[in-house]
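There is one chain below, alone, in C-alpha cells, taken in the form predicted on its own.
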C-alpha cells in the first residue's frame, strides 16, 4: 500500500509589517493576549492531519525567543531562514525540507497575519483538496463593485465585471515538488497559487470565510480582536 502523503504547514513570518506603522513586526503584535501569529500556529497545530507546522522567521529575528511557545505540541518549529519576500521565505523553507519531504507530500502555506482562521475551516479545506491533482486555495467571491482608476488623475477609468472574480485567502496547498518548481520559476509571485498558475496549472478554489481576514492595517486589529473574542479567544 502506498504511503499517505504528509502535510507540512508553513507560516511565512519574516516580514516587518511596515504598513502597520509600528516598530514591532506585525506577526508579534499583541492580539487577544498573544502574539498575532500564535493564533495561526495554534489553529494549524490542532489539525491532526498536519504533521509539522513551521514558522519561517527572519535570520535576524529577536522576538521569537522572548515569547512562551510551550503550549504548542512538538510538531511546531521555528526556522530562521526567511527571505526578503514571502515567496523567497517559502522557497527557503522548501529547500531546507528537501531531506524530509517526498515529492508528493503536501505543503500548506498560511499567512501569519490571518490569525482568525478556524480549525473547522482548515479541516474543510483539506477535505475538499484531498487528492486533487493540482492543489488549491481558500478564496471568497468578490462582492463589491470593482473600479479601475487612472493613477495620475485618481478618477474612475472603468468598472470591471466581478463575475468569476475571487479574493485569494490562505491556506493554499500544493505538492512539495510542484510548489518548489513553481517558486523557482516565479520567485516574486504574490502567493503560491500564482506561482503554480505560471506552470500552466489551475488551482482548485475552495470558498473560505469572511472571518478569515488578513490584518494589514492598524484598524484591522480591533476587528480581529472581535472575531477571536466571538470564538472564545482561540480559533478552534
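Small disclaimer: the values here were computed from a predicted structure and weren't measured. Residue numbers count along the first chain shown, from 1.
Beyond the structure shown, there is the form predicted together with a small molecule, which is absent from this document and is the topic of what follows.
- Using a 4.5 angstroms limit between non-hydrogen atoms, residue 172 is distant from the small molecule in the model of the complex.
- Contact annotation: residue 124 falls outside 4.5 Å of the small molecule in the model of the complex, judged by heavy atom distances.
- Using a 4.5 angstroms limit between non-hydrogen atoms, residue 143 is distant from the small molecule in the model of the complex.
- Contact between residue 156 and the small molecule in the model of the complex is not found at the 4.5 Å heavy atom cutoff.
- None of 105 to 113, 70 to 78, 130 to 138, 91 to 99 except one has non-hydrogen atoms within 4.5 angstroms of the small molecule in the model of the complex; the exception is 105 to 113.
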